[in-house]
Structure formats: structure tokens, C-alpha cells
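In the form predicted alone, a lone chain appears below as C-alpha cells.
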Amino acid sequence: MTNREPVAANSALPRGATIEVDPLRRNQRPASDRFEPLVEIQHLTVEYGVGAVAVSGFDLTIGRGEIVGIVGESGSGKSTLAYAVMRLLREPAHIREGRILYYQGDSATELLAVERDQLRALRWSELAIVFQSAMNALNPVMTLHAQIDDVLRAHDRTLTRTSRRERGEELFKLVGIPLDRLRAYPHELSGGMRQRALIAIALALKPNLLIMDEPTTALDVVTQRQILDELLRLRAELGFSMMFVTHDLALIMDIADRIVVMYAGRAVEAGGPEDLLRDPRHPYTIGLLNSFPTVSGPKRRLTGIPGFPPNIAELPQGCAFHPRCDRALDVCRQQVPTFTVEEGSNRGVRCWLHGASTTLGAEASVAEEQCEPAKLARNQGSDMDRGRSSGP
């Protein structure tokens, strides 16, 4: 597969450059209170062709050992963001502007400016990805042992054949696959086993960042739970960070340290799982929370989100969500709101209803009070908590 290697249009770094990071500046941009920054995405914009913006001015810092969930409907830009970090975008996709910094000690590598050879050295050893469909990602005519061996041979030429075989066995044990399946072909495994095999291959060289692109979409709920528990165990054992891309807000609530909600290529809300569950602030987040049922408590009507995600080539003026929002103000149809971060926390929201000027205050308050989905979302937390306590 031939991948286009995009270059950030506004990057002042020469190809292959490593830059020194001011420790003071770095401490001013923490991933969270608990994590040291590992990857920093700065004002990333990705287009498909001319004018079709899939990711727009996106900023995100992922900390060492942190799990960051990226949530949104299909077409919100989640996978495009993941592929941009790995530089796996294919034409007509191209990065119009932005930088992606990978921190190594007191220096940082600009991932969008490195040459192909340096990028090859970084992939799998520092950054790895688990793709959405295991059956499509695995080679159907190679055994799992051969595929793990292929990765190790390509990225670490110091390993002998014996050491590669031993590493393969170690990886299979790590993800809970019996060693007698090493000689199996992908079609001989269950969906859960194939997904575990992909995780084993991604962890072959002990990367610091593991990107998960909808890894449990095709799995049943029991297997999903097993995979998630396995990922949490591996994270605790190996200490890697995760960018977990999913459309399932309920699923990511259980494992993420922080969640970023995306819509039409922009971050519209961010915060910890409990923050988003108990106090969702963007109408889109409220809609997502009210799109799935709880496992206990009284029956209630699921409100969901009316309409469809916008065409990225014809985004509406102002806030992209306003055509589907029952709290839209006049300003929502005219201006794109800025992403406002709550001082001293990781809570952030892109909405005129929050942090609005005094001239918008009264109108925003009325819209908030009249929003039925917001009332439902306030009850969502207690319902989900009851479901967890009564679960198996």
C-alpha cells in the first residue's frame, strides 16, 4: 500500500528535525494533572480535496500512560485524526496546516516533518495503530506467527530468528492467545482472537502510543468487554498511552481518563468521563448520551439527535451543529464558537451557551431551561450508576 506523506504547510522545521522544548512552556501545557505530555497536536487541519475539511484546527495533548477517547458519529473526523498522527493518510487527503510533536525527554520530534526513513523507525517502535477491521488488516495468506515475525524483522534487524519466535510467543501470552494458534491463519480464528492478534502485533516493539481505531466495532458485547479489560491490564503492565477512537460513548466511559467529543472535524467538548456523564455541556454530547438505553431503572424515551452529520464539503455557516440543535441561538448560525477551557481543569466546550457574553446571557439561559434533552442527560448519570452496581 502506498501512502501519501503529508507535510504541514505552516511547519518551520526542516525535514527530520528534532526541536528543543522549553521546560517551562511544556509544564504550562499538561495533558492533565496526572500525566506528562507525550504527543501534542497543534491546530491540525486535514482536507479531502479542496475545501472538504475533515479535521479543522484541532488541538490535543496526550499524556504518558493516559487513555484519551475520541468520540463522535461516523464522519466526524475521528479516523482521519488517527491516520494523520500515524501519517497514513492517502490521496486526496492532505494536511493543510498544523504540527504534531512527539516528546522524547527534553526534545520533541515533528512527526509531520520527518523523512520516510525516520518515520519508519518511529512507527511500531514509538507509535502503533490497531485498525478497525481485523480481518482486513491481517494478511489472509500468512500465519499469525509469520505476520508478527514480519513486523519484528522489518523494524528491528538486530533480532535473530530464534529471538523473533520467542518474542512472538511472549506477545501471544501477553494478549491471552494460546500458543498453538501461532500457526493459524486469520480465517481460523474468532473475531475476538483476531483483534487480540492485531493488538499483539501493534505491541511487538513496545510503543509509547497505541492508537485504537474502532477496534471493537464488529465484536459482540462480551468480547468487547474482554478486549477492553485486556487493554487496561496491558496499559497498567506496559505503561503505554492510548488514543481510543470510537462512536460508542458508553463504551469509552469505562476506560478513558479523558474524552474528546468531535463533530464536523472539531472538538466540541472535552473532560473526564464523570464530567461528561454527570454534566454534559454541549447539545451534541447530550444527544449522544441520550442515544442509548440504560440497563436498569424506569423506561424512558430515547431522544437521540435529529438529522444527519453535515457534508464536510458544504459545512453550514457558524456552528456546524446548529441545524440539528434545539437550543440554537442567532449567533450560532453566524459565528463559529471558540473552544473555551475551564480554568484549572481539563473541561472544555465549544458552544455559545457556555462562556457567552453578557448580551447573550439571557437568551442562553432561556434556551438551556427549555431543552428537554438536557434534563434527561442530568438523570443519565444516576441511571448508569445503578446499571453498573446491578450488573454481573
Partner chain sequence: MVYLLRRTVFYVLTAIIALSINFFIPRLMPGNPIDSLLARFSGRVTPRTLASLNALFGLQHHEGLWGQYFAYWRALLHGNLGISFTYFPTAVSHVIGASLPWTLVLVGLCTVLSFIVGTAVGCIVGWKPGSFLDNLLPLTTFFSSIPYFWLGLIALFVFSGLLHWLPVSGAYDSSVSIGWTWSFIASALDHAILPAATLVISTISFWLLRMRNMMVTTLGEDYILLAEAKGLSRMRIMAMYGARNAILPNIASFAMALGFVVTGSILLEVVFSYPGIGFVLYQAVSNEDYPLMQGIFLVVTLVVLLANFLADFCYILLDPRARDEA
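Residue numbers count along the first chain shown, from 1. These figures come from a predicted structure and were not determined experimentally.
Here the subject shifts to the form predicted in complex with its partner chain, a form of this protein not shown in this document.
Chemist: Counting any heavy atom within 4.5 Å as contact, can you tell me which stretch out of 107-115, 238-246, 265-273, 193-201 lines its partner chain in the predicted bound form?
Modeler: Looking at the partner contacts, the answer comes out as 193-201.
Chemist: Does its partner chain get within 4.5 angstroms of any non-hydrogen atom of residue 224 in the predicted bound form?
Modeler: No, residue 224 sits far enough from its partner chain in the predicted bound form that none of its heavy atoms falls within 4.5 Å.
Chemist: Give a yes or no for residue 120: in the predicted bound form, does one of its heavy atoms lie within 4.5 Å of a heavy atom belonging to its partner chain?
Modeler: Heavy-atom contact with its partner chain at 4.5 Å: present for residue 120.
Chemist: Does its partner chain get within 4.5 angstroms of any non-hydrogen atom of residue 292 in the predicted bound form?
Modeler: Contact with its partner chain, no.
Chemist: With the partner left out here, check for me: in the predicted bound form, does some heavy atom of residue 181 sit within 4.5 Å of its partner chain?
Modeler: No - in the predicted bound form, heavy atoms of residue 181 and its partner chain never come within 4.5 Å of each other.
Chemist: Thinking of 210, 219 and 258 as one candidate spot, does its partner chain come within 4.5 Å of a heavy atom in every one of them in the predicted bound form?
Modeler: Heavy-atom distance to its partner chain in the predicted bound form: none of the three under 4.5 Å.
Chemist: Scan 153, 173, 278, 233 and let me know which has any heavy atom within 4.5 Å of its partner chain in the predicted bound form.
Modeler: Partner contact (heavy atom, 4.5 Å) among the options: 153.
Chemist: Please tell me which of 177, 82, 138, 253 lies within 4.5 Å of its partner chain in the predicted bound form, judged by heavy atoms.
Modeler: None of the other options qualify; the answer is 138.
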